[in-house]
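Same chain, two forms, each on its own as structure tokens: structure 1, then structure 2.
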Structure 1
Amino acid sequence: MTKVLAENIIKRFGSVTAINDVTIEFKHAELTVMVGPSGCGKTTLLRMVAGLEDPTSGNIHIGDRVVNDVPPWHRDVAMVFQNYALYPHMTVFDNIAYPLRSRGEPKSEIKGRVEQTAASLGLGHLLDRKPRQLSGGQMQRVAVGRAIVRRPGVFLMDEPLSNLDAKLRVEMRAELKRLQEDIGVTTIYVTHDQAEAMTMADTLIVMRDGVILQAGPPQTLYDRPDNVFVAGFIGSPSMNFLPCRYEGAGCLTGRGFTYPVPPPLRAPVEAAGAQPLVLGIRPEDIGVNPQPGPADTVLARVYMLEPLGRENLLTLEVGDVMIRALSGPDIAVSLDQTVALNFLPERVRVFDRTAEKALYPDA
């Protein structure tokens, strides 16, 4: 059983704190994805698990060992980097076999394991080729094969798909997810692509400025974000935010709109009082009515219409705030038209604007 624990990790580069007192467990046999903007600390944390960086303070545990003073080659980890780092003069077979030869494995053992690994990655017919004869996706598979052929206790992946085109990325992330489930190795995966993170993760970790803002199952972070940053970072298109206040009478009021507080949120909103709030709603949870009536409380002006085939992406102006909504292709609207917006009450989220924390009835 190989779990990884980062315990009270602080990492400083001179006066810059890259990781600020992070404690997180990466569970055995799960695929944990760390996501966040560039510079949030996710790659630095991964490199400390690998042994390529030393923590300023705190401990890295792999299995039952504290590995702070253990060199990378004795940590039982394998890493796939953003660039493939293949040996150009070696064949696919030799690239995959390299870690086993370095450990002095018998030739018969090497041949069997390389062929088995190559077959699982769809590389069996390419073993005699050199990297320059491969496509980007094939080179990425070779890099993965070189890592897993060692049968490590922990598999580390640092944005391994970022050099691939969009279509190939979608295909490869499905393959990597299936491969991880088949081999059952504890895997830590770093990406800045939230769609990649959502589709691949068993556990999703969102980081910003060297701290973990929220960790849990991807759907939980999508449905119940702890704060404004997570709500805006997870989901594509991202969640809309409308500044507002609660001024009594059961309604949130912002520039150009009023909205009745959904009953489950009434207690925490009333407890927040008159302090600045933010109403959050995802584009897919907004209904668009091209013919508003007198009772409609959220009116918007159509600023832009982007047909996407099965749906339309509308950019709408509510007061002085631009938001986005997804509508069916059969809803006909034109630029500058006034429409009514219907928010699904159960999907509305309200945040404290100052603390950026979500208000929930059971918080």
Structure 2
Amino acid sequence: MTKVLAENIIKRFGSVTAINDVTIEFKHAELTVMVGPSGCGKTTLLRMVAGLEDPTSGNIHIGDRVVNDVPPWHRDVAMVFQNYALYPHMTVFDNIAYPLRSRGEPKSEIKGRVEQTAASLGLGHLLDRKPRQLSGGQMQRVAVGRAIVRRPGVFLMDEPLSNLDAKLRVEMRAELKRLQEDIGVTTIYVTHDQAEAMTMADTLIVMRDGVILQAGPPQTLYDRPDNVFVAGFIGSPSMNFLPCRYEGAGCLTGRGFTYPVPPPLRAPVEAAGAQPLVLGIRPEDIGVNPQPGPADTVLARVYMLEPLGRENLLTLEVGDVMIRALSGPDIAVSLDQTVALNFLPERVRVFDRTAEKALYPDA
């Protein structure tokens, strides 16, 4: 069992606090994806798990032991670095073989393992090249190869696919996920790619400014974000936010619209009273009606229409807020036309604007 536990981790670089009291368990054999804006501390957390940085305070556990004093070369982790970190003076073969050689594996075995790994990454014909003779995507695959050639207790992957082209990235992510499941290795995976995060993660972690905002299965983060940041960060195009207030009579009122509070949310919204609130709705949960009727309470002006093929992305102005909606490909609207919007009531989320917390009936 090689679960990884970070316990009350604080990491400071001089006056910068990169990680601010994080406690999180990365479960055995699961793939945990970390996302968050640039500089939020993802790499720093990975490096502490690898043993490349010492936490300022707190403990790192791998398996059942505290590894704070265990140097990286004894931690049995493998890492893919954000900028590859290939050994420039070694061939692709030697790069991939390096972790095996460092651990004194027998020569005969090394050759087979390296060749097999390289083949699975489509690097078979490049084994004799030096890193500087490779493209960015090829270097990245070598970096991945160097990590997966071993069967370590933990995989740490820092944006391992960021430099591949779109097609290869989709292939590789499936490949990696498959590999991870086959060998059942605890994996911590950092990415900026929404699709990667959603498709690969068993558990998804959203970080900001050195703290974890929410952790859970990706669908949960998508459906039930704890706060405005997570709601906006997960999903693409991202969730729309309309500032509003509860002004009694069961309705949320913002500039240019009123919206009846969906029944399950009535209790928490009423409890919030006159606090400033935010209504959140995802673009895919908005119905656009080109012929507004008298009963419609949310009207919008069409600002822009971008056909994406399978669907259309509309940019709309509600009051003075721009929101986006996805509609079917055959919708007939013209610019500056006024349309009516129907929010799917069960998909509407309401947040406390000051605390940025989501309001849920059972919370």
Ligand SMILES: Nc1ncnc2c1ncn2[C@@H]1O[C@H](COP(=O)(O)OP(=O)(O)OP(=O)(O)O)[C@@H](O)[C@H]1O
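These numbers were taken from a predicted model, which means no experiment stands behind them. Just so we're on the same page, residue numbers count up from 1 along structure 1's sequence. Rigid core here is just the name for the largest C-alpha set that superposes within 1.5 Å across the two forms.
(message) Just verifying the output here: the form predicted alone should be either structure 1 or structure 2. Which one is it?
(response) Looking at both copies of the chain, structure 1 is the one that matches the description.
(message) Treating the motion between structures 1 and 2 as two rigid bodies, with each C-alpha assigned to whichever superposition fits it better, do D223 and G254 fall in the same part?
(response) Yes, G254 belongs to the same rigid part as D223 (C-alpha assigned to the better-fitting superposition).
(message) Please report the angle, in degrees, through which the smaller rigid segment swings against the bigger one between structures 1 and 2.
(response) Turning angle of the smaller piece versus the larger: 17 degrees.
(request) Once both forms sit on the same core, give the Cα displacement of R129 between structures 1 and 2 in angstrom. (result) Once the two forms are fitted on their core, the shift reads 6.2 Å.
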